[in-house]
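Just one chain is shown here, as structure tokens, and it is the form predicted on its own.
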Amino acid sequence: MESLSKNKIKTIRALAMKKFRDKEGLFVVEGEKTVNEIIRLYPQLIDCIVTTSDQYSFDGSVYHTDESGMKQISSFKTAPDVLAVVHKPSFKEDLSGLIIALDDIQDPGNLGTIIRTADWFGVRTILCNQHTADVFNPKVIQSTMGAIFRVNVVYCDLKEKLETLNKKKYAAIMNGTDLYRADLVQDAVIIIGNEGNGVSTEIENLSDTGLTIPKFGESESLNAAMACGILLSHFRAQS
């Protein structure tokens, strides 16, 4: 086990920025639960591990640091005992079955929760337009709770992709068909829009049906990730 050098600290800190993640093909995963899952399932993706523990079970590069050193490289308010620098996985565009399309989701927490929810409901692919938050943002990774390695997140020209995709397309909108009264098909795309503006007009125009989750209270809108979960649950209930 090596001591964490100043150069290594600089390299890991740089991965907080998208341009460096893209350049190096690496990102950071923090916390014992997620790091241990990667060690168990995808050890080949790990570049190195940094830990405050004197002993950590991993047959690869492990760097030791103290609490102060971990605080320098962690994106968490409370630094964890371990983090891993990981090679970006190669996502495959599996367009079979039910998929999700994200139109300009900006909040990293929302994106991470949508990925985790998709994994729960067996959705294998999420299509994102180029303005959607970076899937390797530390906050996204934290929110996925390891689901990032089980769901294909593919960035694309969403308009072009939907135009050529031979599937039923449902857009989550405010004034569409009542979700609870709609006949839903499983070979479909569920389109979720921006947190503030919803699905853009050009993307909504490509949908076959607009779906609305009925409101029974006074809130103006639903969180995008929550809406995605409700929609997926109802689709699966009709499968």
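So that there is no doubt, residue numbering starts at 1 and follows the sequence shown. All of these numbers come straight from a predicted model, not from anything done at the bench.
FYI, the form predicted together with a further copy of the same chain isn't displayed, but the following is about it.
Although the partner is absent here, Arg116 is a contact residue: one of its heavy atoms lies within 4.5 angstroms of a further copy of the same chain in the predicted complex. Interface residue remark: Ser239 is counted as part of the site for a further copy of the same chain in the predicted complex, having a heavy atom within 4.5 Å.
In the predicted complex, a further copy of the same chain sits within 4.5 Å of a heavy atom of Asn223.
Heavy atoms of Gln106 never reach within 4.5 Å of a further copy of the same chain in the predicted complex, leaving it off the interface. Against a further copy of the same chain in the predicted complex, the set Lys77, Glu218 and Ile230 is in full contact: each member has a heavy atom within 4.5 Å. Of the candidate stretches 64-72, 207-215, 22-30, 46-54, only 207-215 has residues with heavy atoms within 4.5 Å of a further copy of the same chain in the predicted complex. With the partner removed from view, the residue among Val82, Ala133, Ala147, Ile99 that has a non-hydrogen atom within 4.5 Å of a further copy of the same chain in the predicted complex turns out to be Ala147. Annotation for 121-135: interface residues with a further copy of the same chain in the predicted complex are Phe121, Gly122 [heavy atom within 4.5 Å].
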